[in-house]
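Just the one chain here, the form predicted on its own, laid out as structure tokens.
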């Protein structure tokens, strides 16, 4: 089959083209007495291209049966359009229906609610909004690799199945080959020795621990892949399966970590503005009219760097009636993060040096004995978008912390080994890819920036 042209390439053409082939899906069709006007989109860009089918063309009778949603192949010429708002249109010589769409095609109207479209996630990429989201998602994935590869980072494929709980929260999906109707037991508990791996296994919540082992040999590494949380949450910011960008750097401290996080976000914002401009304009027009100003703010301003203790003080003195009262020793809630970024500073903020009791075991303990060298990057509209830390590189301190939290040291013997043999200061962070997309598009629900959201009681498509 001859490879057809794309709508994007035709709309950007420098001159007319004869005898071209275009395949795509019909967005709208309007019939006049002597002509049919068909808007075709193939997913290559936001815009449609208009196809003019005159009565005298081959198989015109077929054209009359074309409906919204049908897949068609058009043969004809690209000509200058006399209509306003479009440079080119296709004068069809023939149109073939590749896949018909009956009248119950659910995307007949131009506007549908997000709730309705989530129920037909297998079709929503055909809408303007979701086509734009997923194109941006694709382009940003490429940009992430470009950012790290050009800075000397090596991409590491970390395991999806793991025996260690990186965050220590226990919100992990179990992986097993045991017969759940006949589970083997030992001393009143599940006998995981009879399972595939001979021990309990789970889907990863982070590639960090594995990534650190490569960081301590290759220097600068990153991973970019799916992670999983079994937290039973139905908020607009949580899904059970999501993608994480996780860099790790050897011979680096918390300041280096904050520098990298700020540089990465600014790079991706500028990339999206330069490379995804047409799609971003849709979100600025229909989703969040303040989006251009939000992105300008991030691109043009240095990020405020704020110790956690000072952040709590600002919140306590703000006079705001928060749902969750800000207190030292408590984690920052979304309302706190957005107050700091949207009302107090009105620009991105990096909060650092959190209380050790609310952070993970692997974070480097500060000399005050109360805090760890952790940092969160907060941005307007979203709140936390990056969480990271300088890692605890000292063997004795790490071993002690594992014991304090009641973890089984045997599960982390290999991790402790990295602190025994040639340990160095190192740091890293995790950037939630879906939250980045929420920031860039103004979309307020994480379910709408991932093609197939996985949430409690939803496992379709």
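Positions refer to the first chain, counted from 1. Every value quoted in this text rests on a predicted model; they were computed, and no experiment measured them.
FYI, the form predicted in complex with a small molecule isn't displayed, but the following is about it.
Sort through 108 to 116, 341 to 349, 263 to 271, 244 to 252 and report the only stretch with a non-hydrogen atom within 4.5 Å of the small molecule in the predicted bound form.
-> Comparing against the small molecule in the predicted bound form, the contact stretch is 244 to 252.
Quick one: in the predicted bound form, does every one of 229, 387 and 391 get a heavy atom within 4.5 Å of the small molecule?
-> Yes, all three are in contact.
Quick one: is residue 204 in contact with the small molecule in the predicted bound form, heavy atoms, 4.5 Å cut-off?
-> Residue 204 lies outside the contact set for the small molecule.
Answer with yes or no whether residue 239 is in contact with the small molecule in the predicted bound form, where contact means some heavy atom within 4.5 Å.
-> Heavy-atom contact with the small molecule at 4.5 Å: present for residue 239.
Contact test in the predicted bound form: residue 446 vs the small molecule, heavy atoms, 4.5 Å | Heavy-atom contact with the small molecule at 4.5 Å: present for residue 446.
Is residue 362 close enough to the small molecule in the predicted bound form to count, meaning some heavy atom within 4.5 Å?
-> Residue 362: yes, in contact with the small molecule in the predicted bound form.
Just one of 399, 419, 435, 29 has a heavy atom within 4.5 Å of the small molecule in the predicted bound form. Which one?
-> Contact residue from the list: 435.
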